[in-house]
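Just one chain follows, in the form predicted on its own, and it is written as structure tokens.
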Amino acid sequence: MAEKFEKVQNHAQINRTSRLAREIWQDHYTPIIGPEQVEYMLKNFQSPGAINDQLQSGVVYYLVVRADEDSGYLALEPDPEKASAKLSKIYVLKDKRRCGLGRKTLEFAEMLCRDMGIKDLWLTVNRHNHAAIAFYRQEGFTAAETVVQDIGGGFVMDDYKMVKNLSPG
């Protein structure tokens, strides 16, 4: 089944991305970080206004569409001067997982990075998100450090920073 990666550029796409975020985050992250932090993060980082602000600052978002259904999304924060990029978002709906869509989305992100001359792709992942950590390890990421970041509202992100070198060979 072919998937399409649709660059988020207009308000309709931003709204679709925000709706996907709400569905995915409430399902996946509520057991890990609790409903209050999920709500805080959705409002501050994945609302239509927050996504629009990120796009204006150079973050690149793509919707993942499979069988004409929004199935996930990704966001990249390229830093060409350092030849690195942060994979700040890579999310797939629960009923679309475990069928290769996450891997194809990651491969697409890596292709975008290589096209931009990016050598290192990195991300942060919640230290208790064991399934995601296992997926990233399987895909060649290694844990570089532990990162605890205050995100306001009395909340912190307790993450691992994971890195993958994209240089050939």
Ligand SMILES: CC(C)(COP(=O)(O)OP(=O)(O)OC[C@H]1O[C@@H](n2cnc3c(N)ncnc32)[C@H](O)[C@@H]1OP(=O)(O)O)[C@@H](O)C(=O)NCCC(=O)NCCS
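Residues carry their position along the shown sequence, with the first being 1. The structure presented is a predicted model; accordingly, all values stated were derived computationally and were not measured.
Although not depicted, the form predicted together with this ligand is the subject of the following passage.
S.K.: Please identify the residue among Lys119, His128, Lys43, Arg103 with any heavy atom within 4.5 Å of this ligand in the predicted bound form.
M.R.: Among Lys119, His128, Lys43, Arg103, a heavy atom within 4.5 Å of this ligand in the predicted bound form occurs only for Arg103.
S.K.: Of the options Ser47, Gln37, Gln54, Thr124, which one has a non-hydrogen atom that comes within 4.5 Å of this ligand in the predicted bound form?
M.R.: Of Ser47, Gln37, Gln54, Thr124, the residue with a heavy atom within 4.5 Å of this ligand in the predicted bound form is Thr124.
S.K.: Test of understanding: in the predicted bound form, would Lys96 fall inside 4.5 Å of this ligand by heavy atoms?
M.R.: Taking the distances in the predicted bound form, the answer for Lys96 is yes, it comes within 4.5 Å of this ligand.
S.K.: At the 4.5 Å heavy atom threshold, is Tyr61 in contact with this ligand in the predicted bound form?
M.R.: Output for Tyr61 is no: heavy atoms all beyond 4.5 Å of this ligand.
S.K.: Would Met111 show up as a contact with this ligand in the predicted bound form if we use heavy atoms at 4.5 Å?
M.R.: Judged by the heavy-atom cut-off of 4.5 Å, Met111 is well away from this ligand in the predicted bound form.
S.K.: Please determine whether Glu139 contacts this ligand in the predicted bound form, using a 4.5 Å cut-off between heavy atoms.
M.R.: Close contact exists here: in the predicted bound form, Glu139 approaches this ligand to within 4.5 Å, heavy atoms only.
S.K.: Though the partner is not shown here, which residues of 49-83 have a heavy atom within 4.5 Å of this ligand in the predicted bound form?
M.R.: Heavy-atom contacts to this ligand in the predicted bound form: nothing from 49-83.
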